[in-house]
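The form predicted on its own is given below as one chain in structure tokens.
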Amino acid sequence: MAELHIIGQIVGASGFPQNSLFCKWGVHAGGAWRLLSGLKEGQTQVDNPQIGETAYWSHPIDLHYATKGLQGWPKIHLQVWHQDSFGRCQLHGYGYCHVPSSPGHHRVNCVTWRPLGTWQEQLAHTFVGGGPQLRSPDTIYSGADRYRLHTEAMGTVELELGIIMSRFDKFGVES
């Protein structure tokens, strides 16, 4: 079986309308992929930067997969949340990116978006907070129903990923 090691970190986020952010993340892989070690989902701490708009998390990612095929290459999906001074949390963005398919060190910038609701929901979001959320988080990376959503662009999450590939030459992949 071919093996894939993903070692890196979620560096931080910038370009969001408010500070005091944290990130929920997960990795989705196809049926041919088996997680040998590591956590396939997690959450960063809240960072409230005093200077600038960039939230720094430096949250580690360390995964080891085995696979029998290339179909269903792993994707990292993200949810960026804002925590206010009362401890209430509201969604600031969804995003996903494919894990790089070549070995080495990679900087990946993952753009995020959030769903727009009706004008009544947008007005309530402005004055009360909250806002529309996806019923199924799978919509983030599946794409099946994503084309029907009305969204607005949010900020960017930066990841640093080190990719180590082993025995992929048996599948015709040169590393």
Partner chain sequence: MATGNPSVFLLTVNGQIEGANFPEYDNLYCKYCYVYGHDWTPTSGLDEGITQITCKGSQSNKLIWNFPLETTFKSTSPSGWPQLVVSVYGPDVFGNDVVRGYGATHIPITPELMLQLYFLSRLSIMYLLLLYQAFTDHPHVCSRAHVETSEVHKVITRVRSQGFVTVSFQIMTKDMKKLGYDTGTSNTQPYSADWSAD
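Residue numbers count along the first chain shown, from 1. Because the structure is a prediction, the values reported are computed rather than measured.
One more form of this protein exists, namely the form predicted together with the partner chain; it is left out here, but the text below deals with it.
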Report summary line: Of 9, 151, 156, 19, the only residue with a heavy atom within 4.5 Å of the partner chain in the model of the complex is 9
Query raised in the report: Is every one of 15, 114 and 131 in contact with the partner chain in the model of the complex, taking contact as a heavy atom within 4.5 Å?
Result: no
Requested in this report: Answer for residue 100 alone: is it within 4.5 Å of the partner chain in the model of the complex, judged on heavy atom distances?
Outcome: no
Requested in this report: Considering only heavy atoms, tell me if residue 34 and the partner chain come within 4.5 Å of each other in the model of the complex.
Outcome: no
Report task. Please run the contact check for residue 69 against the partner chain in the model of the complex: heavy atoms, 4.5 angstroms, yes or no? Result -> no
**Report entry** 4.5 angstroms heavy atom contact with the partner chain in the model of the complex for residue 59
**Finding:** yes
Query raised in the report: Can you name the residues of 78-115 that have a heavy atom within 4.5 Å of the partner chain in the model of the complex?
Result: 83, 84, 85, 87, 103, 104, 105, 106, 107
